[in-house]
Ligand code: SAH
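Take a look at this one chain, the form predicted on its own, written out in structure tokens.
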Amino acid sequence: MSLLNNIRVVLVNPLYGGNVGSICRVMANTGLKQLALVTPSNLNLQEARMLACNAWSIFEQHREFATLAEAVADCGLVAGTSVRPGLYRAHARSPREWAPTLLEAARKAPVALVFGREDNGLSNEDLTLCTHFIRIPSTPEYSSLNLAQAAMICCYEIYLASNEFVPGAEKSPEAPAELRERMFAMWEETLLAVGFMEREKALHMMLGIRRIFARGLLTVDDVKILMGMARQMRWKIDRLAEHAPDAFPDGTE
């Protein structure tokens, strides 16, 4: 079972349906499924559904609780988000720092990721139920974040730390040196043929071109495409030279 299934997003007294709907979408984006609402206000469900898009099923399966204590009663680790400083919040860490800890704890018991209401955040009473504090890095000049945006940052870091995202692999292998050299030789002759450079300066110019291509991985498919371009250009140059030989530098036909 995915550890993400054991991460519960808890919203304490959310005020706006748009934020709740947006968080449903965030959860769907990051593989989280458990949503708990603690005494939600009279939410605009039409707004929530609109912003949830295709993640409305997460809202349909959410659970509601009268208190935060009830919402996290079965949880081992409870991570509360707070921007407030204070002596007892000095051990607050960023979502990126806490994410591995939350996932490790999720092996043994449900883990709660708790967010306060939009205008006041989590109360001191709520924070007493938290075992860990999360503070999202932001500038001192304006440290308050939108609820849905804060949830996106936290859920993203947890999802990234889970290693469940597998980026697409390059299907073509890296081009070997012999193939790359054939490509450079073709392009050198083609660039000479169009008069882009003079033969005595070709080495210098080709070093610059090689430098451009050395900045990233060249696959076999990449090189074959570039060779095909050079081949087609040279074929076109030869055909044009047959009809207008004076249009090209001497000795390049």
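The first residue of the shown sequence is 1; numbering continues from there. Please read all numbers here as calculations on a predicted model, not as lab measurements.
Omitted from view is the form predicted together with ligand SAH, to which the following refers.
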* Asked: Does L160 make contact with ligand SAH in the predicted bound form, using a 4.5 Å heavy atom cut-off?
  -> no
* **Non-hydrogen atom contact T128 with ligand SAH in the predicted bound form at 4.5 angstroms** => no
* To do: Could you confirm whether L179 comes within 4.5 Å of ligand SAH in the predicted bound form, counting heavy atoms only?
  => no
* E118: touches ligand SAH in the predicted bound form, heavy atom cutoff 4.5 angstroms -> yes
* To do: Could you tell me which of 69 to 77, 96 to 104, 168 to 176, 135 to 143 sits within 4.5 Å of ligand SAH in the predicted bound form, going by non-hydrogen atoms?
  => 135 to 143
* To do: Can you tell me which bits of 4 to 38 touch ligand SAH in the predicted bound form, meaning any heavy atom within 4.5 Å?
  => none
